[in-house]
Structure formats: structure tokens, C-alpha cells
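The data below hold one chain only, encoded as C-alpha cells and taken in the form predicted alone.
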Amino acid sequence: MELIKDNVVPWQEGSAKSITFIVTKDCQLACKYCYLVGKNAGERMPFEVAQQAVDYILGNPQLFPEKSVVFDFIGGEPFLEVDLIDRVCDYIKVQLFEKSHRWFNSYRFNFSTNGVGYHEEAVQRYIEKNRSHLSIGITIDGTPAKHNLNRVYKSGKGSYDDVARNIPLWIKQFPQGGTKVTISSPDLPYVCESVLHLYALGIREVNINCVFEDVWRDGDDQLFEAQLVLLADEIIGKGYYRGYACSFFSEIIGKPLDPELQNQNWCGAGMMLAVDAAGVFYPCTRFAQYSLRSKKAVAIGSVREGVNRNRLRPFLTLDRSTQSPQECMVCEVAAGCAWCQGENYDAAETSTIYRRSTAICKMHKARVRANNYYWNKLYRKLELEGETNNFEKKEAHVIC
């Protein structure tokens, strides 16, 4: 089996346009760390709005020159509107065919679902109908204790049992599918056991990240590092590095930046397009009002007027240097330190998109230290076992 070294590359990364339909702002859950502060049951996308968006996008191929496309359906919980989504997808497929569009047979329908209703007949009917062009990830946070700490119903009841029962069906249908795990301050003690628990459920790719919001307390970075070191020992000791992946461990992070080669924007805001129930366009969903705690939404057009290039232009100028403080540009471990454009905007003192939030700085540095521990220990093991000739050995970058 292969050695899992770095993160799995998304389908058509770098060559696919990402277009997001916010089909509903409702959800069965009330996750405590959710950035969607304006969820509600009233805003549901009418089919006519989705139809107008599709007509505009497919009718203006010069504005969307990418060779492939990912149609992302989100909420809230997108599968609450599976009948609407099914109708929209049928319309997209017919229009791609009738227009002989370059995206015909080069598209994906993408979902991140809470998994609660995954087994339902309407959802399964949709999956069977679109399987060859479908990507679905179920969000499960780990052990029952970790998952139920944050991912709760509106009543406060944990959702683990209702999600976990659907994992075997999901894995059977999408054996290469990955889950998305979110880490916040209260659940740090569960990180190691949660990743191992997900492996035990049969999930081979665990995409895991810390929230970008400023929620971190003194000492969280040390606790985080300790959990990742424990996890590294378990992954290496039990051979999970063969055939399993955890996005916290990657050889490409924790190095100084080459400013000429790594000045691109981390986030895809502006390169993506999101549309809400009212037909308003956004540079990404994090600039819609239900995603913002303290700022006003930033629209870049609508299904009626199209994309306003003047409103979009500031997002196209974003790169690392236009928004990062100098300490981030010269940081010894800057590579792999992520940010969210919407959180940058929401956390800034003014209404600017050019001020990078650095709330996760200490958590990134803790990850880098544990990451170096992981790769140094793994390569020592491989060397002792005479396996280094089978894998490309890279020089470890150490942070003190």
C-alpha cells in the first residue's frame, strides 16, 4: 500500500470553476462552532432563481473560461432541499448538452452534509441518479464525546448516533470520500482519539482544521501539540501512514516562504461565485450576510444584472503580501498557514478585505512542531526498516 504523504488533490484543482448555490439557510443542527450566524428556516432558493443563475453562467462562457466546473450545494444543510437540488441538476445537465458547453461531462456536483438525513429515500435516489458526477463528504467530528460536544440539535441533543449510522452506507458509495473535522478550544483533548476513531469507522481521509475565529485560550497551543504528537505516535506505530491520511501532517508546511513563488492568495474568494436565495452573487459564501457576525454582506452582482466587475476587482488583487503583516511574510514556518478571506473581513476593525486575521498563528506553529516530529519519526522508522528507497526522502525542516 502507498505511503500517504500529503493531502489528496481535489478534483481538477486549479482548472475548475467553483459555483455555489446557497439552497437553504436552515439546518437540523445548531453546531456551537458554526460560522453561519444567521441560519433560519425562511430563506429557501426558488427554482426560478437557480434557473436564472444557470442561464447567466452558461450563457456567458467568456466570463467563466475554466475547462471544468464544480457546482457546490450548501446550506444550512443542503439535503433538506434535495428535491430542489435534483431539479436544478437536471436543468444544468440539459443546458450543458443543448449548448454543447465545454463543461459537458467535465462537471461535479459537490456536497458537504451533516449526514443526519443521508439514508433518506429522496437523498439516495438523487445519489443513484448522479453517482458518476458526484462528490459527497459527511461531517463527523470523531468520538461520540467530541462530536456531541459541538454538533448538536437545536434541542441540545448530540447528533453522533444519527450520523454514525449512515457512515457505512456512505463509505460503500464513496470509498475514497473524506470527512471534515473541526477543532475548537473545548474539544482539543479529543483530537488524537477522534482521528483514530474515524479510521476505525473505515474513513481513510480525515480533513481536519482549527477554526479561524479568535477563540483560542492560553495554553491551547501546547495542548494541541501534545495531542498531535500522540496522534503521530499512533499513526506511525500502527501503520496508518499506509493507506490513511490526516491533513494535519504534510511535508509541504512549516517552511519559509519564497515570496516570488508563494505570493498567491490562500483563499479562493473572487475566483469562486456564490448565489443565494434572492439571486445575489457573492465572491464566496463567507461574504453573504448569514456568515457575518459584525459586517455587512459584500455582493458582486445578481442573476438580474450579472457579475459587476468593479465590485469583483478588489478580490482579484488579493495576494499574500497585500493583506499579511510583515511578521507573516518573514515567518520561518509560514508555508501552510491558512486564512479565510471572509473571516479576515469580519474580524477587521474596518470594512477592509486587506487585513489578515492571525488568530490561529500559535495553533499553526504548534501544528508545525508536531508535523516535524511526525516526519522525522516516520523517516527514521522507514530507514531502520530499509524502506527509504521506496519513497522520496525529503529534508525535514525543524522549528525550535
Partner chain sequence: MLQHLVIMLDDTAASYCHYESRKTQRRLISLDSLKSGILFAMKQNLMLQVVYPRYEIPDGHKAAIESIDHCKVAQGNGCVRGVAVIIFDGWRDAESRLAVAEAAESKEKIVVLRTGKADFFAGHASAMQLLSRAERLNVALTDVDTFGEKDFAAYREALAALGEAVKQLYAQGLRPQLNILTDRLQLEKANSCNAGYENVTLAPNGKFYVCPAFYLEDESDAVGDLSAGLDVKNRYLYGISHAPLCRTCDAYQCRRCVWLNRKTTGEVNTPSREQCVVAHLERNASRNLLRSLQSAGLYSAENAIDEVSYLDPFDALTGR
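As the structure is a prediction and not an experimental result, all values here were calculated from the model. Numbering follows the first chain given and starts at 1.
Missing here is the form predicted in complex with the partner chain; even so, the following discussion is about that form.
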- Message: Suppose contact means a heavy atom within 4.5 Å; in the predicted complex, does that hold for all of 311, 319 and 351 with the partner chain?
- Response: yes
- Which of 354-362, 332-340, 47-55, 25-33 lies within 4.5 Å of the partner chain in the predicted complex, heavy atoms considered? The stretch 354-362
- Partner contacts in the predicted complex for 211-247 (non-hydrogen atom within 4.5 angstroms of the partner chain): none
